[in-house]
Ligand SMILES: CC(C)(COP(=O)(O)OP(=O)(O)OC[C@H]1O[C@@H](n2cnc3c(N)ncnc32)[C@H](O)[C@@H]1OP(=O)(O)O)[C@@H](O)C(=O)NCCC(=O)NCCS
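Have a look below at one chain only, the form predicted alone, in structure tokens format.
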Amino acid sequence: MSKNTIVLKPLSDEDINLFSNWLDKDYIYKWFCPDGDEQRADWLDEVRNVDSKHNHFNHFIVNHNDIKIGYCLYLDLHFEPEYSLENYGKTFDEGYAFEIGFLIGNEEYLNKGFGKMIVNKLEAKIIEIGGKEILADPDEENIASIKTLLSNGFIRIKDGDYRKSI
């Protein structure tokens, strides 16, 4: 399994139904939609970019050998000051800090190291645009995501606050 077999492609309109189906899977829904169906609807609005407030989000479908296996995103935290204050205790300058999120929707690819490769690819994209810090806010019970972040060099600041300087 090589990192070169993972490709992040911008999420397209044709991918939204697949993403929606992945959100419905119990092992994804509990982490991405802990507040229920309203949060699920928010995710779908976000990926559809219903309004301009989501322009600083970058959504991707994860492909492995041309098979769509997952989803990931990064966003510039400068444009989410209330959120970053609440979750990370501070605000950030534009282009400095980016939050990431990821999921593997195709069960055949779980527990095989693909999460680590996805985070690595997201990091490369953030480095390419000049980012200095990557943050993630997994639920502390989401052991798989936390292990993935730690294996990629993130450090735990506090519950739900994992960071990596780049």
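Every value quoted in this text rests on a predicted model; they were computed, and no experiment measured them. Position 1 is the first residue in the sequence shown; the rest follow in order.
FYI, the form predicted in complex with the ligand isn't displayed, but the following is about it.
Looking in the predicted bound form, is the ligand within 4.5 angstroms of a heavy atom from every one of Ile28, Tyr109 and Ser151? Yes, because Ile28, Tyr109 and Ser151 each have a heavy atom that approaches the ligand to within 4.5 Å in the predicted bound form.
Of His64, Lys125, His54, Lys116, which one comes within 4.5 Å of the ligand in the predicted bound form, counting heavy atoms only? So the residue touching the ligand in the predicted bound form, by this definition, is Lys116.
Using a 4.5 Å heavy atom cut-off, indicate which stretch of 101-109, 127-135, 33-41, 55-63 touches the ligand in the predicted bound form. Correct option: 101-109.
With a 4.5 Å heavy atom cut-off, would you call Lys158 a contact of the ligand in the predicted bound form? Contact with the ligand, no.
Determine whether any heavy atom of Lys9 comes within 4.5 Å of a heavy atom of the ligand in the predicted bound form, and answer yes or no. So Lys9 does not count as contacting the ligand.
So which bits of 131-162 sit within 4.5 Å of the ligand in the predicted bound form, heavy atoms only? Result: Pro138, Asn142, Ile143, Ala144, Ser145, Lys147, Thr148, Ser151.
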